[in-house]
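Okay, so here's just one chain, in structure tokens, the form predicted on its own.
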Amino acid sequence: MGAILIFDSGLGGLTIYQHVRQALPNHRYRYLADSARFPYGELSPQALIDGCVALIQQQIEAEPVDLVVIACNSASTLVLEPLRAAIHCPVVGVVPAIKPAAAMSYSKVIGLLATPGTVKRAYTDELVAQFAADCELVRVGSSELVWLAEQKLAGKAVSRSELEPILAPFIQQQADVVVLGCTHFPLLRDEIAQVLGPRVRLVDSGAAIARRVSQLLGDVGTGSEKFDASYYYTGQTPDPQVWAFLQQQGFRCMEKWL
């Protein structure tokens, strides 16, 4: 059987990988980080689409997979349909958890913390219209947080003073639920929670994606596959601290891709 391919612009998709691996431990995993074009939130839509589809096609040609997870909100808002038209296995995307956030909110003021691209996509507007029409949505788009999450895994401490100006709109407008609408942001969950305080609940899509992958794959690989995980990347070689973290997550091979 093929592997599960998890794709992101960098390390944020590891938050999705953790949920999927917990749900499906007896699988092979391939993680492809397009670090050369990181962060995706600053790319033009067509450049994002073309690059993602080409990289994933090349990876699948090198090693067939059972399923692809686009573990990036910025990419998922644009890439899913072109990719599904180009390959012949299921594709699962990650979208901001607007629906559960709206259901959880008491004040009906919810926040969306995502990349600049995701907060202004038409897809996000459609989610809000469908699932949160009765809520006020506070949108914050930040590429700086994406960099801070990557730097945290490389061993750099994230200070409260770096986060407070970014998160201030949620406090000022009294959001009681904030959607972590970028897969990098759960890497900073503890730091974000400290700034926003205990009355603000944080929600992301990791568990929902794991359920969807489980539904699509069913019992494929269960009992017949042995877990293994390989990490592929474009651009610069990850720092030693990052490789140490990847090893803790079960990765035993790291290779430059293209």
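For every residue, the number given is its place in the sequence shown, counted from 1. All values derive from a computational prediction rather than experimental measurement.
Heads up, the form predicted in complex with a small molecule isn't pictured, but that's what we're talking about next.
A.B. asks: Heavy atom within 4.5 Å of the small molecule in the predicted bound form: which of Ile98, Val146, Val177, Leu78?
C.D. replies: The residue in contact is Val146.
A.B. asks: Within 4.5 Å of the small molecule in the predicted bound form, counting heavy atoms only, one of 36-44, 188-196, 226-234, 56-64 shows up; tell me which.
C.D. replies: Every other range fails; the passing one is 36-44.
A.B. asks: Would Cys72 count as touching the small molecule in the predicted bound form under a 4.5 Å heavy atom rule?
C.D. replies: Yes, contact at 4.5 Å.
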